[in-house]
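Shown below, as structure tokens, is a lone chain in the form predicted alone; questions about how it binds or moves come after it.
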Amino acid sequence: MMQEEELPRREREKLRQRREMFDAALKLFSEKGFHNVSMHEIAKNAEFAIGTLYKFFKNKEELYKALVIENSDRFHQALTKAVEETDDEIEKLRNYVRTKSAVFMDNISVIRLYFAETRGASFNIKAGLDNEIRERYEKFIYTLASIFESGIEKKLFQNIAAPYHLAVALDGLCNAFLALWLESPEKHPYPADPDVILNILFKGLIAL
């Protein structure tokens, strides 16, 4: 795949303009919601003529969809890369917990928008995002499930639940801790040690 610096100057400029449009749209959508933002407002905040914005996106729906999908893909690529960096299943899960928090904390505006979509925002069905976001989410959950499956086969993990359900459980635990952090970072700091979260699964609750 060609790197951005290898592209012709005109193409690099188009990519730069697209990023600036996305940055302005993201800020407005995350603060005001989809329905309360206009294309004119996005163009003004991005410091582009409205006609330039329409050269890239035919309407607000198309811009919004492209913004959410692009960031969703970026997040899932980062998480997939993190779990592929080692062959050790436990380290894969630790990398996932660490990377999820890093991605989350570095992209708060995007995460607010993503949470709105995955929680069923009123606009997502109209934009056709519901299925597209879910497909991306499901693809990564199966990647996470494959780690549990491999760990069970190697006798690292007990076979107490389906690998898919274990993946959903871990993802849900991370989301819960991150949601608490987002609400009150000082009161609910996200654990620096991934095992704080993983041990809820690894060690369980009942004292034997």
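Source: prediction; values computed, not measured. The first residue of the sequence shown is number 1, and the count goes up from there.
This next part talks about the form predicted together with the DNA, which is not shown.
Segments offered: 157-165, 57-65, 138-146, 170-178. Contacting the DNA in the model of the complex at heavy atom distances within 4.5 Å is 57-65. Within this chain, M39 lines the site of the DNA in the model of the complex, having a heavy atom no more than 4.5 Å away. Contact annotation for 133-172: no residue has a non-hydrogen atom within 4.5 angstroms of the DNA in the model of the complex.
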